[in-house]
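Let's start with one chain on its own, the form predicted alone, as structure tokens.
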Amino acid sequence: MTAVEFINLLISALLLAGLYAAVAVGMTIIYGVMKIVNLAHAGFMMLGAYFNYELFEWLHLDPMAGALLSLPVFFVFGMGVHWLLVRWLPKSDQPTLSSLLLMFGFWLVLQNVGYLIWGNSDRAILTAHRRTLPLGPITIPTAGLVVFIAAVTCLAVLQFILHKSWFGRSVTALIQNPYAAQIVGVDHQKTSQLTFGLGTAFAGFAGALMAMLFSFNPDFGRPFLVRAFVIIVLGGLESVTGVAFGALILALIETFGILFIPAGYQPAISFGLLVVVLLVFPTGIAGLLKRKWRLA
């Protein structure tokens, strides 16, 4: 491998990591506050992709503007789903079978609604964003760069909200100790509804971003759901910061893995990495860092 090829692969991995972080962060905050493994995350990503596609086809709206517009739309949609379905689930410190079945069933409903409306043919958004930006011998895909900047910016805004706002402090308190948080006055129900809306907004946003890079159909979100699981386990399940590290590790392994493994077997990388993480350090990167700081 030449130096130029290595740099091109490294750039591709970094751009992919930004997208993966946007994919996984919604699941992370929902699990942290509500202890729900949101299997419907894949369905929300699928709807986000079609939302952006319809805006592009009918209104000729720039896909980046469509992706940003998906944030408030899916935030409201997520709050509605919480009010209609999720709030009736029993509260628990661990994921329950009822929550898994509910979210899996809702994912299937969304998927079949997608087949009913759009059929099973693949769609794609073709714009000038699909060009490449040459920097000497190095080439950067414009769409990947735009998606990376948008994803990192939104993650930075999320970190600011979590650390500087009342809602963010409530979320952090519920993640760290839900009982103590409620004792000091945190409204668990209201915070959970806002959190579910925020997690859904990021899922729709990630789907809208991915529609700028990949073709999609109603089963679009499934392979990315597996990657989101790997990322949040790598990051420590409840750590938003850990999501960035987990996304970077997975993106690097997948990108450089194509040198040794055929592209058709790439999903095996995610499954294999998930097994290794669960066996070797199930608390993820965040857990390892906390342990190191305690020992220090």
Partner chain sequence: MKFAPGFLPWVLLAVLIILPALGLSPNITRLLFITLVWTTTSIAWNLLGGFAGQVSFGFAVFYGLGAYTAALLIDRGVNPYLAFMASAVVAVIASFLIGLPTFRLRGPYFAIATIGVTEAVRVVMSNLSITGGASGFRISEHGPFRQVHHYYTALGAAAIAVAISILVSSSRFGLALRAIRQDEDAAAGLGVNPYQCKLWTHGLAAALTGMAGGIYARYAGYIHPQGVFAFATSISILLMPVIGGVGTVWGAVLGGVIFGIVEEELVANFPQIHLLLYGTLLILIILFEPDGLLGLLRRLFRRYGRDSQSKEADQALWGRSRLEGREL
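Residue numbers count along the first chain shown, from 1. Nothing here was measured: the structure is a model prediction, and the numbers come from that model.
As for the form predicted in complex with its partner chain, it is not shown, yet the points below apply to it.
- Shown without its partner, this chain lists Leu69, Ala268, Ile253, Leu61 as candidates; in the predicted bound form, only Ala268 has a non-hydrogen atom within 4.5 angstroms of its partner chain.
- This chain lacks the partner; the member of Ile138, Ile161, Leu145, Val113 within 4.5 angstroms of its partner chain in the predicted bound form by a non-hydrogen atom is Val113.
- You can rule out all but one of 194-202, 71-79, 208-216, 100-108: in the predicted bound form, only 100-108 has residues with a heavy atom within 4.5 Å of its partner chain.
- Although the partner is absent from the chain shown here, Phe229, Val275 and Leu279 each have a heavy atom within 4.5 Å of its partner chain in the predicted bound form.
- In the predicted bound form, Leu85 approaches its partner chain with a heavy atom inside 4.5 Å.
- Put simply, Tyr31 is close to its partner chain in the predicted bound form: some heavy atom of it is within 4.5 Å.
- Using a 4.5 Å cutoff between non-hydrogen atoms, Gln182 does not count as a contact of its partner chain in the predicted bound form.
- Put simply, Val37 is close to its partner chain in the predicted bound form: some heavy atom of it is within 4.5 Å.
- Along 150-174, not one residue places a heavy atom within 4.5 Å of its partner chain in the predicted bound form.
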